[in-house]
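This text opens with one protein chain seen in two forms, each one given by itself as structure tokens under the names structure 1 and structure 2.
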Structure 1
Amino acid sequence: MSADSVRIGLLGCGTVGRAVVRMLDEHGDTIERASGHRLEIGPILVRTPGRSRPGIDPGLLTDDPARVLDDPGVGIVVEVMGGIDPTLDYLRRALESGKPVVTANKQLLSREGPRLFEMAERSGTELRFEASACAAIPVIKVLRESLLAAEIRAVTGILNGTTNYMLTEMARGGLSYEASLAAAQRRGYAEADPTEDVNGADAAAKLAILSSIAFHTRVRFDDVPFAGIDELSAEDVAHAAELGFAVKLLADARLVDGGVSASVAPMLVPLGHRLAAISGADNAVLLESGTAGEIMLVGPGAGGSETASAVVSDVLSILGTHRGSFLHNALADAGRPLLGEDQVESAYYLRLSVADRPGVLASVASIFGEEELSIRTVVQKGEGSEARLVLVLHRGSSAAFRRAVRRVALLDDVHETPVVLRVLGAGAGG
């Protein structure tokens, strides 16, 4: 039986786009045997069609988006160019013309996802986005297919490989933030401008997508408060290790009293926890289900070949799926409210620089007691007339903790701005 030929129009031909072309070229026969479809690439939208790209037919390259979007021979549009503008308009044009779309664009989906899904639904076509979060790890497929009826209660993960590599180096080698960033850039894990990685924005965009699917709730990028590791001190990584914790940049979303809490921040993770063992540039997502228990997915969360494998997987899913079934789930909205940080409970780590004299710890402890917060661990290290006071608090009200820290910071014996990190554990985000 002869295979059906399907032409792929490609928007963008950077690292991921070239990897998609290479994958279809090298594994086209295997894909054809398994799926019954012969996938062909072209045309390809690029900024500079005249520049040589080894392995790619120059005749396929164009700087005219109409050649991709308006070509009746293009069966599926794959977007790997990134950005919001003009990408949003290109995808709108593709969807409104009835062409299925596969995208790896986490920033676009986390901001404009509902709008794009509605466009696809109106046109009766598909919008797939597995590659937008965690690259080769099939977490979106697991959430919306394998665990669709599994009552997901929490999604907690290491969603950024750059920062996980940096934190691993800071813990293992005692490197400073600056030295670990330089090491990540030398290894190719960090971009020349690593801002969205190190400040938490990259992980927040991915979490918005994952929590929208997991909880059937419209969570956008602006709904996810985030903090990064760009102000994290090697001293706090070392203190955490002494106390039995690893520091990880965690994305955490969960159901709390009928609402959805979602945030990204560096957290202390107990060394016995599954996520504490994830090292290097790997990503990991821990799914907590009321019916299936805990399921953890681990693997490379970035890279051209890894992302390309998710893109091609989405293309094949489109060819083998009844039209509209994927969108129906992606558009589902349970109407759950989104909770602010002060509406949930968490455990916390606190480091203070204080005067080394009697009564300081008692003053600090008194404030936390008045806010009905319990101290789990205290470590005090003297340094002449100064001392480092490190506390780990049991889970309690985040609003009460913030009030207590503001009061502690006003004490005459507290000499620097307190350092605060969340602690992963039982309860919402901690």
Structure 2
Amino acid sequence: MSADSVRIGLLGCGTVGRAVVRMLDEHGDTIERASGHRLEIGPILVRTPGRSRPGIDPGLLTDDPARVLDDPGVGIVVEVMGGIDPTLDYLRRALESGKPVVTANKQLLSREGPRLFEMAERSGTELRFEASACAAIPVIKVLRESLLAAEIRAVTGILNGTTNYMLTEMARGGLSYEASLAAAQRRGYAEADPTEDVNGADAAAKLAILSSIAFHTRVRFDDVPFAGIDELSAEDVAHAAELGFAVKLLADARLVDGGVSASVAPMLVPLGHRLAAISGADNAVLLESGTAGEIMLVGPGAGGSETASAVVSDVLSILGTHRGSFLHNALADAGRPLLGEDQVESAYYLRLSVADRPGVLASVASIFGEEELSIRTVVQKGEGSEARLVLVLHRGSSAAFRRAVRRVALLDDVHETPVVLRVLGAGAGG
């Protein structure tokens, strides 16, 4: 199979644009093997082409949009510059010339989506926008493909990574409002101007996009009333926590009497609720469907590489993966070794029935020590002359753990077959 070479013209090379270039540089070979397409980068439109950008070929940078939009060699235009003006005009030019467009721009889509889709339709080309909502979470693909006929009744979620990161930091009592916003900006989560992150407009734009797809109805930015966390005080976050609630900036859209009700506001969420556990810059979308029940999608909602993942996935959706994929293309088989259970590390729980005598715990502990395994906690419960010893071990070699358990089971003071469970999250696969 020979690969098609496709040139990607980039509009913008900031947090997301740089990450797209890095992803294609670092994973270009894998993408080519798996999809049958070689993705080449350039030209790249920026405001300041003279500024040095590590990892970016300066010869590809330009401040002339025509070099991207009018170049017949550009096969797909990726827009990661943001804003409405002049972006709308650039996308119009790209679509009218028949070039497929991938955009991460929720501001533009939630206001001008219908016009843009009409242009794409007229030119018989595609406009894709997975990165415009929830960064790495493929929620748009799920709504427009997997759950197309699933009768979605409600879309509720945390759609802004910056504010969720800020609320998480504030609830921990670590950072003030200002310091947490500055940290979110440093990490590349916030918009160039973070006003729309904190005042709820960014989440409202994303909710307009998601509910348009979910309810098969055009919902625009102006249709979504919003409030943000800019008026919220750290004191209220602390009071809510004392009362058993997390404060979250929630976006909610639902069908009510056949109509669509959509809004964004900070809300108190009971600590036991699934959305209360979403922390840091993660986003979550809870979909209530008439036919498929409740589905929750969770993952990184902001950040350069996280958003680049969605951008590249859209590019590949446009090109199609029918020429490749490892399932029907031997070249795409990475041929990774398959590891046996004893070849990975894990943490373990172990319950022993032992004689309640001095020295029993010491002899068990010394076996684990000899196998270079470290004990995290021990609990002993007496039951007459018998005792239960419950140990949790730190992550370590599974092979060493099994050897240790075999040796422990042979001790005279150990009376029943030891009970062994793996501990999740403390090693490869738990």
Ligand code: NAP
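For the two forms, the rigid core is made up of the largest set of C-alpha atoms that agree within 1.5 Å on superposition. Fair warning: this is a prediction, and the values are worked out from it, not measured in the lab. Counting starts at 1 and follows the sequence of structure 1.
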note = Only one structure is the form predicted on its own, namely structure 1
query = Rigid core fitted, is the C-alpha displacement of Q107 between structure 1 and structure 2 2 Å or more?
reply = no
task = Kindly check if the Cα atom of E345 is displaced 2 angstroms or more between structure 1 and structure 2 relative to the superposed rigid core.
result = yes
inquiry  = Please state whether E145 has a C-alpha shift of 2 Å or more between structure 1 and structure 2, with the rigid core used for the fit.
reply    = no
note = Superposed on the core, the Cα displacement of A183 between structure 1 and structure 2 in Å comes to 6.2
task = May I ask for the C-alpha shift of G173 between structure 1 and structure 2, in Å, based on superposition of the rigid core?
result = 2.8
